[in-house]
Structures are given as C-alpha cells and as structure tokens.
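Below you'll find only one chain, the form predicted on its own, shown as structure tokens.
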Amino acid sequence: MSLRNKNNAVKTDNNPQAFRAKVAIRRNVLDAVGRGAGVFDAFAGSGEMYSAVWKDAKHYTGCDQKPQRDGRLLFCADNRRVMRAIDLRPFSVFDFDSYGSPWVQAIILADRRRVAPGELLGLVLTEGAGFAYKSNIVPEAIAILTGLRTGIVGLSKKQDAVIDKAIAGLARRMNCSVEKRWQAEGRTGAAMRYIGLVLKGKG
C-alpha cells in the first residue's frame, strides 16, 4: 500500500491495513537509516514488529512492562526510566509505538541522544491523542514541543497541524532536519497516526 509522503495521508483500519502500514513505515525507516542500525523498541509488546521488520536490523533491544519470553533482548520496566538510565548512543532507530502519546519518550530521546552532524536517526511514532484533542486538551509533552496550551477550541480538527508542529519542535530540540517522513491514518475514534521519520544531524 502507498503511504503519505508529507501531504497525502492514507486512511487505514486497525486490522489488517494498519498492521501493513506500520510494517511498511518501519521498513522504509530501516532501509533509509541502514540495516546496520541498532533499534530501541520502547513498546515492544508481543514482538509483531520485531518479527516483521526489526529482526533485520543489526541489533535490537526492546522494552515492555510485561515480561516476554521469546528470546528477544528486553528490558522489563517503564521505558521512560530505562531511557533515562541507559546509553542511547548505540541506537540509531527508535520505535515509540504508544497507543496514547509518544512525545514524552521523544523528548527524553531529544535530551539524551545527541545526533552528530550528518548522522541519520530513524524515529517511528504512533500518535493516538485524538481523544484528548477532542476535549481540547493539549498533552504536556506536546505543549513543550509546540508552545500550545489546553483550551484551544476545535483542536481535534487541527490534529495534523499539531503533529507537524510537534515534529518541527522535536527536530529543533535535536538540532536535526527532517529528511524523510511517511504517515498513515487510522479510522478509529482515537484518530491514530502512524509516522516514520528520518532525521539528520545539523552541522
């Protein structure tokens, strides 16, 4: 299936189209960064994305609060605590497949993983804050990246503009440019957005 390159979003149902879109986005990111990449999968779950894509990377480390006994290298802990404690330099692809909002993890990444000039870094985001936007609530991490505040009327109709602004804010925080972007949309009430980014460190 085709994926959005900037402006033409693809709508998907959760299953099986959403699965195919998520796999395609991850393959695009891994191919762009290079299969010699180390992957940090912050919401590793049962390993569907590992089996479909991340097993082809050179190194993989997952994180999940539920123990998974399938042979993957995993932290069993809150990924925010893990990301604040470990060295993030060995990883050049980060997968934040949160059902809610991935921006807290993205900010931790921005503050703890310097991207060298010319270096490529892959980032996969699942944004599902649609219910918050329908209540005109701006999640704290989004507020940090965008400067927006809770109470903006009609926020749910501006979800994609908010996401664009958050990505731009994250890139600035990381001193990176956005080299590539893919996106697909879910059709559920949470208005899921599946996003793949390739960032490049500035000089």
Ligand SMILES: C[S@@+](CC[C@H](N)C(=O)[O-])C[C@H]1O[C@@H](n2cnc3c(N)ncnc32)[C@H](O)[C@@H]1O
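Numbers for residues come from their place in the sequence shown, where the first is 1. The model shown is predicted, which means the values in this text are computed figures rather than measured ones.
Quick note: we don't show the form predicted in complex with the named molecule, though the next part is all about it.
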property	result
Residue 45 within 4.5 Å of the named molecule in the model of the complex, heavy atoms	yes
Residue 49, heavy atom within 4.5 angstroms of the named molecule in the model of the complex	yes
Residue contact check: residue 175 to the named molecule in the model of the complex, 4.5 Å heavy atom	no
Partner proximity in the model of the complex: residue 66 to the named molecule, non-hydrogen atom cutoff 4.5 Å	yes
Interface stretch in the model of the complex with the named molecule - options 129 to 137, 83 to 91, 98 to 106, 116 to 124, non-hydrogen atom within 4.5 Å	98 to 106
Residues within 4.5 Å of the named molecule in the model of the complex, restricted to 128 to 149 and counted by heavy atom	none
